[in-house]
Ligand code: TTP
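Single chain ahead, written as structure tokens, the form predicted alone.
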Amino acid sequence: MDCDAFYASVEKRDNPALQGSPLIVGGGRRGVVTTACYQARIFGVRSAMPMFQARKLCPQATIVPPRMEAYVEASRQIRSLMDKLTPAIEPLSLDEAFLDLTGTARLHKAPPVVLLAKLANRIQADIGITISVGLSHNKFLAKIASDLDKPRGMALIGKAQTREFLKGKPVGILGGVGPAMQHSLARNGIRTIDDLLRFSAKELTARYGSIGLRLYDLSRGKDSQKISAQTKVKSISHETTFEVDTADPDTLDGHLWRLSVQTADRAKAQEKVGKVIVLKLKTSDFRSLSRRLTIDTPTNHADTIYTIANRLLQNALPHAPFRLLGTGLMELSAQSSAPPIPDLLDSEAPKRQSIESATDSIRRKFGKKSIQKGRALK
């Protein structure tokens, strides 16, 4: 199950004035496209494309900044509908997941294809988002099928049709075969699935190692990977790319606070806390820097994320100016209802946490910008 242009779809749902026109979710002259709606994609706009290039391709597009809290909430609503079909769900991201419907026909008194059609209709009716579905006998083929008929598509690759479906397809259709691997395979005359079929498992393993054995299986429509409902989100982060490289401490401080709030909001929405606070930087010469610190008590408080990240930033200032800044949480765990352990080295921590809880309550009731700290205005 894969949502169609998810972020853009949420934006159009929440602002009907955007319906029917090209929309790009992203921002900044030097930022990148987060998501483009299908009207914008007609002009060649793609995710991860630099914003200046997207503007040239589609100057008439409306550009809006991401609203992660809205996307997280829509994702939670979609997940609640999927949970009614099966407990075997492996999320890949906010807008994509594998579902194992083995054995559900007897329970729901309908075959999987009917269940998935009903799910798609229910998501569109209740949440205002369209999805595309791929149905097959393994994960590899289900993923391919989900991309065959977008948007609002439903495609099925049956077990008996697998070999015929794969015949003549380029090797790039196989999971894990990116541009570098395609180039490596092409040097050996392997450009299509049919080319792979000429080699034995032993030959492919000798040439490409463990990936060779997987190529052998995938080219024959075999995939032994099971759907894992235990897959965990490994990190939560937020970043921004500046219009102009900056070393100004006040500018960096304002952005750092806003990013800390956004990271905290995402963690709170997912009821997660993190034990490692991460600072991400990219210098004007495109060098990536990453700094992290492990804390004693896992947190999702913006104030704590900001305080630690700011300490890391001060140590990294000699590398300025920066073109990108980001914050994140790692080593995530479920948020506990138990009160946090007091920080004996910071007597003001409980007071700041109490203030943040009150602030969160106001923001939930009156909107994200209803109350802000002064540093957010820098």
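Residue numbers run from 1 along the displayed sequence. Keep in mind that this is a model prediction, so the values were computed, not measured. Rigid core here is just the name for the largest C-alpha set that superposes within 1.5 Å across the two forms.
One more form of this protein, predicted together with the named molecule, exists but is not displayed; see below.
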May I ask you to choose, among K282, R292, K150, H137, the residue with a heavy atom within 4.5 Å of the named molecule in the model of the complex? K150
Note which of V273, V261, L218, L252 lies within 4.5 Å of the named molecule in the model of the complex, where distance is taken over heavy atoms; exactly one does. V261
Any of the heavy atoms of N310 lying within 4.5 Å of the named molecule in the model of the complex? no
Is Q335 close enough to touch the named molecule in the model of the complex, meaning at least one heavy atom pair within 4.5 Å? no
Should D245 be classed as touching the named molecule in the model of the complex when contacts are defined as heavy atoms within 4.5 Å? no
Would you please decide whether E239 lies within 4.5 angstroms of the named molecule in the model of the complex, comparing each non-hydrogen atom pair? no
Which one of these stretches, 34 to 42, 53 to 61, 314 to 322, 327 to 335, sits within 4.5 Å of the named molecule in the model of the complex when only heavy atoms are counted? 34 to 42
Going through 1 to 20 from first to last, which residues have a non-hydrogen atom within 4.5 Å of the named molecule in the model of the complex? D2, C3, D4, A5, F6, Y7
After superposition on the rigid core, does the Cα atom of L196 shift by at least 2 Å between the shown form and the other one? no
Can we say the CA of K268 moves by at least 2 Å between the shown form and the other one when the core is superposed? yes
Using the core for the fit, does the CA position of A302 change by 2 Å or more between the shown form and the other one? yes
Your call: S132 and R266 CA atoms, closer or farther in the model of the complex versus the shown structure, by 3 Å or more? closer
Any idea whether R67 and R258 get closer or farther by CA distance in the model of the complex, knowing it moves 3 angstroms or more? farther
